[in-house]
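Alright, here's a single protein chain in two forms, structure 1 and structure 2, each given by itself as structure tokens.
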Structure 1
Amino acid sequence: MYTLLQPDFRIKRDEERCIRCGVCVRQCAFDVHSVDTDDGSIRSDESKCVACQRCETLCPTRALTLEENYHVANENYNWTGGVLKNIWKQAETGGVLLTGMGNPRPYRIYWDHLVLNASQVTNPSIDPLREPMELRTYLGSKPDSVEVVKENGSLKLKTKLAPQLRLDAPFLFSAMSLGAIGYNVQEAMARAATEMGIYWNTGEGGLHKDLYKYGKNTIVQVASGRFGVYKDYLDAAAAVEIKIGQGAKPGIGGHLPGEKVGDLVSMTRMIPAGTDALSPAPHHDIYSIEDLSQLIYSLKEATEYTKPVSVKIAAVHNVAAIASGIVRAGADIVAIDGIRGGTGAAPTMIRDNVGIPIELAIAAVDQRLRDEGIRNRASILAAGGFRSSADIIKAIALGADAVYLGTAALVAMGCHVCQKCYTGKCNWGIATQDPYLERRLNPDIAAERLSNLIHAWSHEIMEMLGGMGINAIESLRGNRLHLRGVGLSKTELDILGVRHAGAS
């Protein structure tokens, strides 16, 4: 069958610079480059290129340049080149379009339309280099009030607190399962989380035995497939998260192809090697808030009420009401994943068209829980495309307690966002189970890069807090008076609960 598809990218090779060393041939898992057996020259099949930039980056003579291939088509505002390509592709394959990473569509990014307040004359700023700043955050259910007693001349807390997660900075590494990513990536996240006093999430693929030693900084997931879930798994962790949904594919289950289920994944997920790992869209024991409550308390019983239980949901139109039910069901943490959340694999149409932005979800949930007088009963974790420390501090001002970092963490380790995670051929050794490719990611270097990122963002947050005249992150949570909107409609401002810039 003939094809109407043109390559997405063009590869320019400077023949004067190319020394035919073969680095590009060896480094490309997509077999873009090959050696011509007749004359020894190197050829490139542009139709296979995903622009991961591995060959361009590692070429010792800088002989390669990748460019987006803009080809003339009878496109218009409605029938864009991307739309035409998708139709041609499905007409040729008859299959569902798959993709990885987060939503690339130009939906409004509200972080870019929110600005922060700063102290001036009457409320002096704080210098974080000379004065103490507190980024410590505790995740978990808080009591309505506390009682203290005086013993031996000092005050002691009499009220018994629910189990809490102590974070030295308001970040966590988001749920990414073994299978979707490689073992080295999980080890790097676990080591960086331990070093920086934060947490990482196993995702729904179980926890490898060698990573149990990082359990004090580990959150384990219980998803619909129940992969790798047993007593030791729950006991090893600091917290347990029930995964109902995720931002990249709300209402959709998971599917790890059998070719990615090698011995390591098989042992960790407790399924036969080479078999597909299917997570049903619904939990077949949860069809009501009462069912969810039963699972929450079953997990609390199983862990002897020593660990907080989180429930992760996608940000959808009625997210505030859902979150209210989750808190009343007994969850200690509500994790919300917005429409820009990343994924290893998802149907393209689902990723790009289902859900709502995390900014609107945070504000709606925080306000709903406050209105109902139950905001203290659960912490709010936000996820879905956080790109910088500025995004994070704005999320906390909107009402989040802390945020999950997924794509940002992968980018810090070397991800180039080529959106081909589902193929298992990640040239940077991140989203792959291929032993040859996995070795390209050194966990020592990756852990150091993650720690550097957390350190840098923590310092920037302290600088911004100091500029506001605030010395503790807790004082900013839900304090929307420190935010102002720019270029937003009245409806958007009302949902976010912020005033327009210039308003007193």
Structure 2
Amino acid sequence: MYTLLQPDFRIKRDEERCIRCGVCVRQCAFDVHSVDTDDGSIRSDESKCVACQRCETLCPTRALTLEENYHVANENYNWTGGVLKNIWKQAETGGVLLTGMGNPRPYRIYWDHLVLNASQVTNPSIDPLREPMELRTYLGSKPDSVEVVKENGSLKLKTKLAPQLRLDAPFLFSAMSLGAIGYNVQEAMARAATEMGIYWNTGEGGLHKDLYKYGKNTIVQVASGRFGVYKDYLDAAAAVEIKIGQGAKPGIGGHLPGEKVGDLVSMTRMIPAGTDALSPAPHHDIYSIEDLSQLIYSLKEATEYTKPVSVKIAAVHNVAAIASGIVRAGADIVAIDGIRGGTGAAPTMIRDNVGIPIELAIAAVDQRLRDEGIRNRASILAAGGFRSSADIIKAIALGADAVYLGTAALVAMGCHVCQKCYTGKCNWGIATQDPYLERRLNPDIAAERLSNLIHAWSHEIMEMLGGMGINAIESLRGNRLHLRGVGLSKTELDILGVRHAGAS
């Protein structure tokens, strides 16, 4: 069928600068560039370009420039170019639109409408370069109170605490499975998490044997497909997370196509090579909250109550009530993934239209758990599109204990957010199982880049905390008085539990 689709991008090659070295040709997995055998010049087929900018970045003479191709000259507010293209695409293929990464639609990003406080005169700000500044965070269920007894003149803790995860800074790397991303990416996250005293999450694709040595900093997932779940997997981890849903695709499951299931993935997921790995939409042993409780306690039994159990859900309309149920079902941690959460593959319509923003979800869940007097019984992990240390500190002030970093971690490793993860042709070597592409992600470099990012963000958070006159992160957690809204409606402010800027 003759396609009505024009290329999304335009590639400009400066012939003066091009040295015909062929880096672009060799680096593009979408085969955009090719050598003209007649004269050695290089041509580009823009229709295949996804704007990952790999060629542009690696071109040693900066001879390439990518531009958006605004070819729908008569697009209007309702019938935008994107809308027309989607329809043409579907008219040509008859298929569901697929995409990757997080929601790009212009839903209000509340982080950009929240501002932070700082000390002036009435209390001193604290300089983190000179004074202690504590970001250490413990995730897990806390009792209402502790019992302390005096034995032989010294104080002794009588209360036995539930298992906790110690984080040196309030970050974790989000669940991204082997299959969705390559082995090297997981190794990089595992190494960076170990170095920085934080955690990474296996996602639902199992844990490769060679990564067991990072188990102390690993959260393993148990999802609806149960891939790779067995005794050693649970034993290797620091915590176990039951994945109910994901912010990018609430209510639907996952599908890793057979061509991505090579030997490595097959072994780790414990499925035959070449077969599709299907994660059902629900867990077929969880049709209700009491079923979830059974799985939580099965996992606690299996790990002899030595590891916290987390339950991850997508932020949906009644997220607060669901979170409350999850806490009462026995979870030590509730992880909430907002509407901007990323994915390796999701139907575009679902990614772009289902769920609620994480800011509102954090506020609602934290308040609900407080109203019920059970906020201490579980930690709240927030996920879904955190872009900077400022977003994170605001999330903590709203009530999150720590945040999951997915897209930000990938971007740190090179991802350019082209949203083509689902093709398996990631030119940055991240979302791919292709051995030719995978090797582009050097775990040494990627681990260092991740550690640098965590270090930088930690420091920025310390500076902001110190500015507020606070020297321990727990004094900001849920402390919404340090936030003010700018340009938000009364309803939004009420849900966020924040006052408008200017109100003292």
Partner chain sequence: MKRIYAIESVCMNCQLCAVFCATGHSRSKDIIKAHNREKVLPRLFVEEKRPVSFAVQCRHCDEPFCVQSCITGALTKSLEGPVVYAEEKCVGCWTCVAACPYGAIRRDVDRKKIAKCDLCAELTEPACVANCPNQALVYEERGS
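Keep in mind it's a predicted model, so treat the numbers as computed, not measured. Numbers given to residues start at 1 and step along the sequence of structure 1. We call the rigid core whatever largest set of C-alpha positions still superposes within 1.5 Å between the two forms.
- Structures 1 and 2, same chain in two forms; the form predicted alone is found in structure 1.
- The two forms, fitted on the rigid core, differ between the two structures by less than 2 Å at the CA of P435.
- A movement of the C-alpha atom of D39 reaching 2 angstroms or beyond is seen between the two structures when the two forms are aligned on their rigid core.
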